[in-house]
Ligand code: ADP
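Given next, in structure tokens, is a single chain: the form predicted on its own.
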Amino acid sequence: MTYDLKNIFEQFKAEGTYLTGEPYGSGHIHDTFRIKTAEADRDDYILQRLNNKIFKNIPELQNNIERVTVHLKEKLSRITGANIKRECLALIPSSDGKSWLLDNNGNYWRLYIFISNHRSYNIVDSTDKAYEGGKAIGRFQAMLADMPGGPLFETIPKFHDIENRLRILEEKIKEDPAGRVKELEYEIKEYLSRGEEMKTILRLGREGKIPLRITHNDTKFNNILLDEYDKALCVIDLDTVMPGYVHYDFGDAIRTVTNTAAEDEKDLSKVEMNIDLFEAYAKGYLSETGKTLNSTEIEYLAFAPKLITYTIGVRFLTDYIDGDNYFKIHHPLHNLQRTRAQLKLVMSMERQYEEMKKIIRRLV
């Protein structure tokens, strides 16, 4: 589908004249475009058509992002030498003053300033990058620890709630809407056999042993921008910033930081968890958050990557069984490929779990 990007862009209070608009990035959910402006001394922008089938309440989602970015900017303003425009996402208001626009076809749009001279990686190839990624997410969590104004809106209810994800998976297995269950005996058995263990974090929360905090909830490494020197710069993709447990952020970051292959790698022999990258990320993360986490939160950090890798795998498997209605796919077996790669990564983490626990204990 094509959109009149120039017309949409001009309905926001942006500086500069529209020059070009091209698809940008590799996100699964929204349609994202980079808008280049004609003037050399003006910013470029990121324009996004928001997926309101997945995010049911765009105004509340945008209110979350406004609250978070305002608070982060206030924190950054107190840091000598901070570059607020590059270290925090900046929403541009529409002509009616809102942080989003509803077009005549019922599409929701938003506009950010494009962060210049950044680097983004899908695969992490050094302990230095892993450490900087850990610092970025740790700093993000620490800065938001005292954000005023009550809880954020839950943009996707029960997003990382593994009990809910397993319930949906089991429903889809029974329904078999796309006629695919018969071919998935191995995958279904492996995922369901781990279900009880994966409910550990929810149980700890119910017992009051770990608190709900403001978490990002989608900390794959390409949601962390590094600067031109590969130092931590900015955390992006704030759609799922809402109440959560710190293990969700730590776990999803480790899932992508330490994977020796792509999220959808077909050759499963390439998929392993790199323990050196785990240690480097954990060191960066704890350098920012170590003083704010309680002992139980720290104790279960090593468990978190298993949980989130498993959870994402459950989601890919569910979507495949359901006929591929959630994640964007590039070929008919894409979600199955993702499902198998995540399971292989879980197994690698299980083999290295004792060493992961030792590393966390050594770092605190």
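Because the structure is predicted, anything quoted here is derived from the model rather than measured. Start at 1 and count along the sequence shown; that's the residue number.
Same protein, other form: the form predicted in complex with the ligand, not shown, and the subject of what follows.
Asker: Could you tell me which one of 337, 37, 64, 48 places a heavy atom within 4.5 Å of the ligand in the model of the complex?
Answerer: Partner contact (heavy atom, 4.5 Å) among the options: 48.
Asker: Considering 131, 108, 112, 191, which brings a non-hydrogen atom within 4.5 Å of the ligand in the model of the complex?
Answerer: None of the others qualify; the residue that does is 112.
Asker: Specify the contacting stretch among 217-225, 286-294, 271-279, 170-178, defined as having any heavy atom within 4.5 Å of the ligand in the model of the complex.
Answerer: Stretch 217-225 is the one.
Asker: Quick one: in the model of the complex, does every one of 124, 126 and 229 get a heavy atom within 4.5 Å of the ligand?
Answerer: Checked in the model of the complex: no contact with the ligand for any of the three.
Asker: Do residue 58 and the ligand share at least one heavy atom pair within 4.5 Å in the model of the complex?
Answerer: It does not: once the ligand is placed as it appears in the model of the complex, residue 58 has no heavy atom within 4.5 Å of it.
Asker: Residue 329 versus the ligand, in the model of the complex: is there a non-hydrogen atom within 4.5 Å?
Answerer: Outside the cut-off, so no.
Asker: Is the gap between residue 323 and the ligand in the model of the complex 4.5 Å or less for some heavy atom pair?
Answerer: Contact with the ligand, no.
Asker: Whether residue 203 contacts the ligand in the model of the complex should be assessed with a 4.5 Å heavy atom distance threshold; does it?
Answerer: No, residue 203 is distant from the partner.
Asker: Since the partner is left out here, which residues of 115-144 would have a heavy atom within 4.5 Å of the ligand in the model of the complex?
Answerer: The stretch 115-144, when checked against the ligand in the model of the complex, contributes 115, 118, 120 at the 4.5 Å heavy-atom cut-off.
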